[in-house]
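Here we start with a single chain on its own, the form predicted alone, put down as structure tokens.
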Amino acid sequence: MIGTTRKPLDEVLQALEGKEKIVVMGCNGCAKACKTGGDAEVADMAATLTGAGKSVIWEVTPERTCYIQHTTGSLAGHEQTISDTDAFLVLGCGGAAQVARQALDEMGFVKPVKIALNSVGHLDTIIAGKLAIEQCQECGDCVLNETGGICPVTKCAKSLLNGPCGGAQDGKCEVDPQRDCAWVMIYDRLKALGEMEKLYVYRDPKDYSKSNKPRTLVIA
């Protein structure tokens, strides 16, 4: 999922300066899981904006706002409300906000779309509803088959591909002593799997052209 955190309220209000009639749009996908943009958070933001003197004229939470068909479907039938609003405030990732803007454009509405959250990476849930951690940087050149299913690009603070830096102390990363050294983890995993020979294979530098932005995927 895409991890999100709340922007400071003063930053949100600054983005909405001069805008009085607001639509608050959430996301019942990733933002809901992060407790930053589900129905409850949308209602909370609406109440906060009302207290700040704004007029919230609609609260809407598509199933997954980054799916344009969900967003367009949520907007359909509310053309008058959309016409009346001064701005949309999206409680979702940057992709969700841009899809909301695209959906509005396709419906013929040129409306400001502001965002209330910061996107902090592609996170995987470790403890449901409590903790999520980034496990993959979507580099387009995956090495998990060679590293025991542990990603050194993400787990290692230096993204080293061919073993540890030598700065680890007691199995902990020198950059963050609270973090396990990725290569100690990989070593222990490969040892348990009986695949220690993989530690002797040199890995060429990654082809970072595969992570050039923006990327597209044709789904046949």
Partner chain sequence: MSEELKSGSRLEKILRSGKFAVTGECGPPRGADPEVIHKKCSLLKDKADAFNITDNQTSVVRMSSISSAVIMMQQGLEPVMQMVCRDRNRIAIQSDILGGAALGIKNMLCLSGDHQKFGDHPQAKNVFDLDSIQLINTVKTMRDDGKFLSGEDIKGAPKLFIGAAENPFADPFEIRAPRLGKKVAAGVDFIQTQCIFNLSKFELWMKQVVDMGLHEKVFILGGVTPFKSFGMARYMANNVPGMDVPDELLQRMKNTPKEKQAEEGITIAVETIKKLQEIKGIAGVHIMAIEWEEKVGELADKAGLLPRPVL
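The structure displayed is predicted, hence computed values, not measured ones. Numbering follows the first chain given and starts at 1.
Although not depicted, the form predicted in complex with the partner chain is the subject of the following passage.
Although the partner chain is omitted here, in the predicted complex all of L161, Y202 and K206 have a heavy atom within 4.5 Å of it.
With the partner omitted here, the stretch from 169-177, 45-53, 66-74, 25-33 that lies within 4.5 Å of the partner chain by heavy atoms in the predicted complex is 169-177.
Although the partner is absent here, V184 lies within 4.5 Å of the partner chain in the predicted complex, judged by heavy atoms.
Although the partner is absent from this view, I57 stays clear of the partner chain in the predicted complex, with no non-hydrogen atom inside 4.5 angstroms.
Remark: K191 counts among the residues lining the partner chain in the predicted complex, judged by a heavy atom distance of 4.5 Å or less. In the predicted complex, at least one heavy atom of C165 sits within 4.5 Å of the partner chain.
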